[in-house]
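Let's start with one chain on its own, the form predicted on its own, as structure tokens.
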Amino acid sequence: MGIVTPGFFGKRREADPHLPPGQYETKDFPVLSAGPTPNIHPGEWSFSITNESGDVKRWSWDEFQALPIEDVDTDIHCVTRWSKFDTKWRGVSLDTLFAEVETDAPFTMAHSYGGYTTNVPLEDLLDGKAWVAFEFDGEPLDPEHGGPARLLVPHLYFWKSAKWVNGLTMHETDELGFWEVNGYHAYGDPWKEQRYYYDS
């Protein structure tokens, strides 16, 4: 598991309605990774969605940048108990991407440069719930935070927001990703404290 930056522990605010149970607020942006940070130039980056029939829809960086871009202001919550409020991102909604994909499969697996994977139900990526983000706080997304682009699924624990994302594959059943195989919860709702596989 990766190393965290200074500021990992923050101020506990139990009474704050924006803070899920067991979390601390931090003003910093701690860095946690399952492995080394890939160095992907935007010109080498692409994103694809592969449906259950094996059909692939792919976007290059330039094609991706030509899609409708949204500003996202949201709180994020890490399974290691830090929360960061009012984070500001820019990216492309998964609704926009899936408008070009034919699928009836209910589950996805996110794939990243470097081999990381995480599973997310399709319904948790649609209806304005998720983005592929490429800017944070008005700047291009740093590699240590998943640049050039990462998945952003802020209503789930942040390991579901896969860094260095390069694609989604559709599945008929809910298959487990990297951390899920290693004991983390299959879904990861911070408001239910679904940190580990045995949490309800």
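Numbers for residues come from their place in the sequence shown, where the first is 1. Note that the coordinates shown come from a computational prediction; the quantities given were computed from them, not determined experimentally.
Another form exists, predicted together with a small molecule; not displayed. Remarks below refer to it.
**Listed range touching the small molecule, judged in the model of the complex by heavy atoms within 4.5 Å, from 140 to 148, 49 to 57, 127 to 135, 167 to 175** = Stretch 140 to 148 is the one.
**Prompt:** Is Phe158 one of the residues lying within 4.5 Å of the small molecule in the model of the complex, judged by heavy atom distances?
**Reply:** Phe158: yes, in contact with the small molecule in the model of the complex.
**Item:** Contact flag, Cys78 vs the small molecule in the model of the complex, heavy atom cut 4.5 Å
**Value:** Result yes; Cys78 sits at the interface with the small molecule in the model of the complex.
**Asked** Counting only non-hydrogen atoms and a 4.5 angstroms cut-off, does Ala162 reach the small molecule in the model of the complex?
**Response** Within the cut-off, so yes.
**Message:** Check Ala34 for me: does it contact the small molecule in the model of the complex (non-hydrogen atoms, 4.5 angstroms)?
**Reply:** Yes, Ala34 is a contact residue.
**Prompt:** Does the small molecule come within 4.5 Å of a heavy atom in each of Tyr24, Phe85 and Tyr196 in the model of the complex?
**Reply:** Per the other structure, none of Tyr24, Phe85 and Tyr196 touch the small molecule.
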